[in-house]
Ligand SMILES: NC(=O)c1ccc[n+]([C@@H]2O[C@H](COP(=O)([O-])OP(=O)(O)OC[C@H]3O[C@@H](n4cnc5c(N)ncnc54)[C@H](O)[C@@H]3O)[C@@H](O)[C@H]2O)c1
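As structure tokens, one chain now follows by itself in the form predicted on its own.
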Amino acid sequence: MNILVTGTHGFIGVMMGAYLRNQGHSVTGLDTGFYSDGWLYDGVEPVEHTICKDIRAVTESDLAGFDAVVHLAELSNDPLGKLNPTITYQINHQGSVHLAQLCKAVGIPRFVYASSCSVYGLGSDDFKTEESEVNPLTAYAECKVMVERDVSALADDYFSPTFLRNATAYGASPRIRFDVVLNNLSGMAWTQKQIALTSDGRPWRPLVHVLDICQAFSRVLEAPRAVVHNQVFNVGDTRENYRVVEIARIVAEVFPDCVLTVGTSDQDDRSYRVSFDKIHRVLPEFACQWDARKGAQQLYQVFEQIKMEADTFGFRAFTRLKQLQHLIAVGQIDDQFYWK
């Protein structure tokens, strides 16, 4: 299969390109390059050819010859959406729908979209399923809901979208993100020998390793069209729902001599437990290979191997909000997030 993967300079994207190539597919990347400054370690081969372009500027000619598109390239994470909600809507919602429309116009039959479990927002301790009412609390999550709605409406006998609501990602990647919970806590544990939660850590988070996300996308691409056509799947494992304080305890146990302290405030309203039964039922070949403890152990090994220093953990390119603020401050991108 000839696949275009958008966002191949990102945390998940660099791993996705390598994973799909190892599965025997031909992979081309597309990325605007906001996060190209960051590279934590060697050993993962990027895709050989990447189209350097903003998804808002993609044309039909860019898409010629592909059998499928895996769409990851958006402004990612909730705090980033607060930086400029208008641009978040333009890129994440309008840009993604525009890309899907172009894919349909040129006859690309498969479109797999990286949605997020953050669409569930705030809920009780009940498990959220794909049929649960969504409750997006941020511009980022609202855009995910709108893309699912608008791209689903494009589905027909010739264009087949699938929507994968990923749990909160973690794990090692050359273009790692340290602004996702398990990775962030692991970086704190390594560089500071302590994890100091400012909140009480009660909110729920479902977790999924970046390589299990890659596996899920691969399973969908290889599944019969009728099985995944216009379907929504939560991506993860139901056993991997944790309170934030539980994630912190796991990390503190894995990293030697790490001290954990827990606060009392709760500044983050997002809290959701998620059921992942559907993807395991419909795609029985899919099975998560990672859990939170194994992921923390992997990160410890990577940090040990590269002798990671505090400056690396704090480097702007590994935190989405800091990197975009830097690009704006030094005048490399304009107020519409286009390169100057």
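What you see is a predicted model, and the numbers here were worked out from it, not measured in a lab. Start at 1 and count along the sequence shown; that's the residue number.
The same protein also exists as the form predicted together with the ligand; that form is not shown, yet it is the one meant from here on.
Taken together, I12, K53 and L72 are fully in contact with the ligand in the predicted complex: each brings a heavy atom within 4.5 Å.
Of the candidate stretches 185-193, 137-145, 249-257, 225-233, only 137-145 has residues whose heavy atoms lie within 4.5 Å of the ligand in the predicted complex. Though the partner is left out of this view, A169 does reach within 4.5 Å of the ligand in the predicted complex, counting heavy atoms only. Taking the partner from elsewhere, G65 is found to have every heavy atom lying beyond 4.5 Å of the ligand in the predicted complex. Contact check for S76: a heavy atom falls within 4.5 Å of the ligand in the predicted complex. Contact between S116 and the ligand in the predicted complex is found at the 4.5 Å heavy atom cutoff. Though the ligand is absent from this view, in the predicted complex it lies within 4.5 Å of a heavy atom of just one residue from V262, V180, A155, L102, which is V180.
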